[in-house]
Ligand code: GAL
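Listed next as structure tokens is one chain, alone, in the form predicted alone.
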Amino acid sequence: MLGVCYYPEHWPEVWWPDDARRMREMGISFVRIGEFAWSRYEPRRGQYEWEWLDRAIDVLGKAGLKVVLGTPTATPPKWLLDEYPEIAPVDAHGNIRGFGSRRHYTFSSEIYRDESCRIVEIMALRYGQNPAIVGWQTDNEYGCHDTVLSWGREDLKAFQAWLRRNYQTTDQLNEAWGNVFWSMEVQDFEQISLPNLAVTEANPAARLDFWRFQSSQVASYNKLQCDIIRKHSPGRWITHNFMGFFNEFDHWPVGEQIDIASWDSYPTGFVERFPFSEEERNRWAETSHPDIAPFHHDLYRGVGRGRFWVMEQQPGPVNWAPWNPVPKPGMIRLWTWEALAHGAEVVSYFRWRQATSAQEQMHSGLNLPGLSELSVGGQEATRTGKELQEIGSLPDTEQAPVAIVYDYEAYWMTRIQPHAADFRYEELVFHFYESARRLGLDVDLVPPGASLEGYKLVLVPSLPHVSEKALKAFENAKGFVLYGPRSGSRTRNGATPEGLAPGPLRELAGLRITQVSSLRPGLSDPVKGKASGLGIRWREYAETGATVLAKFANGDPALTAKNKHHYLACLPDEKLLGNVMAHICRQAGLKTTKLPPHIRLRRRGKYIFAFNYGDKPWKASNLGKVILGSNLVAPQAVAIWRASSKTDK
């Protein structure tokens, strides 16, 4: 259940056997290699040097390690950029993003697609049936460093072709985009320009389609690699390593192409990326927030259709955040067990040994830069490996009682026209997740339109465009459903729906939104009733025939219910969201446990896990037989119980 990312090309070959032996002694079973080594595979066009990789795979395999081989397409070599400079991405200001780091390609370059297929096929033919190879990783972190949206000539040409396929005539495109506004109509697809460098705001419908187009380019590029690997490497699985808090492309379609989803978990670094208050950032700086890693475990378990890895687990301080503290003692072990509790098949640490040069030399590894000296994180990983051997295999994960509908297009739509500078889709979803988890609930994340069968509670933090498939799923839901602000507020093309928001949800929710108000910082609207608190940042004015459960100060409905469908007409503060969540959980018949802010629970089969992110011990009671730790869970510690028949419900 443990793995590590290894770069044999970075270290003397005489070190490899000792590295492999020590990996096995630590309890490591899987090793990912090769994803950044194109210049070592092919230093000049057509000059291949595979022998070093042959030997590395042989050393790892003979040590009993299972190899995950990465395709090297995230880092095209310099000679390829020199031959075809047009493969480089272009930023929104028209500047070429050149060679010297990584991800220096646009997904729209046909030349780069051909070159990627060429190198992947050569690798798959050479290593596809090597007994040490058990799986493949395509590329590395699609879209990292803001590289999904590219604005060059290659992108324009591909975008025009995509629009021609999707709209067929410019009349249909003009109608869909509302191009009669500001005289934006076109008579030929070649007249279409990219939605950047305009005098003022570009057409939001054009921006939305451009985002959809670029997202589809990521998916089609990934499929090219998957098809080649499956052809030449039968019986091996394929993954891609996604990132945290990254919504620039739709992950659900890519997840359908791979066998296992994986993601790169850097909990303390993500504290700096998320819009927490400074007080919260300081509180969680050395442990991370208790829901950052779990949120992504549950998301990528969904993207992987029940199967996921952590491909890169933070083993100590990272190097890329504005501030990079050393995690508190015990956190590497806690994060590892937490990933396993949420269903991870493997937790793979990044990286085996701290680099001594280039961009990542401040990033920690399981080992210090020398030959064989474990870091603090390496010591914790070793302890976890021994614990895993003692406990043995974990039971399968089961469907959670709560589902959150997660929609990448909702992020795009609210980014394109936020209407409030601080309306952030990802933050709203995260706080819905956090609120449920603070009640001790397990959560699944599902795409719009997925079956909601078996869920007692479905949370829809915001879903501006409700497709026919999504509407059908809501209509068929047997459990309670809570819709958040802006749900049903846009058509697929980003227009206002007929009859106003919530559009297709009007019958289910029993209300109509006539106005919306964005509230600047410092303004709020009190809410009282079955749930009390404040509406902040965003407030909607509703007409309703549904039951009003809570009202704004002026008497307008804030929380409504029609049968099992609830609507929350504002962006809630922590208190209001917690009260709404508690109320609807009671209505849904969910058994909840109000947890301290620093404690989280998770179930995997009959195993119950507790994680303490705080500085005070937490006493658990009546959770079953202790398997690991104790009923008094120390700070930065883990406890596991096997539930009895009376406690596993």
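Don't overthink the numbering: it's just position in the shown sequence, from 1. Since the structure is predicted, the reported quantities are computational estimates derived from the model, not experimental observations.
The same protein also has a form predicted together with the ligand, omitted here; what follows describes it.
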### Query
Exactly one stretch in 448-456, 216-224, 405-413, 359-367 has heavy atoms within 4.5 Å of the ligand in the model of the complex; which is it?
359-367
### Query
Is Asn140 close to the ligand in the model of the complex, meaning a heavy atom pair under 4.5 Å apart or at it?
yes
### Message
So, Arg102 and the ligand: in the model of the complex, are they within 4.5 Å at any heavy atom pair?
### Response
yes
### Query
Applying a 4.5 Å heavy atom distance criterion, does Thr268 contact the ligand in the model of the complex?
no
### Query
Does the ligand come within 4.5 Å of any heavy atom of Asn241 in the model of the complex?
yes
### Query
Is it true that Phe274, Phe295 and Phe423 each have at least one non-hydrogen atom within 4.5 Å of the ligand in the model of the complex?
no
### Query
Just one of Asp155, Glu312, Glu115, Asp209 has a heavy atom within 4.5 Å of the ligand in the model of the complex. Which one?
Glu312
### Heavy atom within 4.5 Å of the ligand in the model of the complex - the one residue of Tyr541, Phe245, Trp320, Tyr84 that qualifies
Trp320
### Query
Looking at the ligand in the model of the complex, which residues in 335-357 have at least one heavy atom within 4.5 Å of it?
Phe350
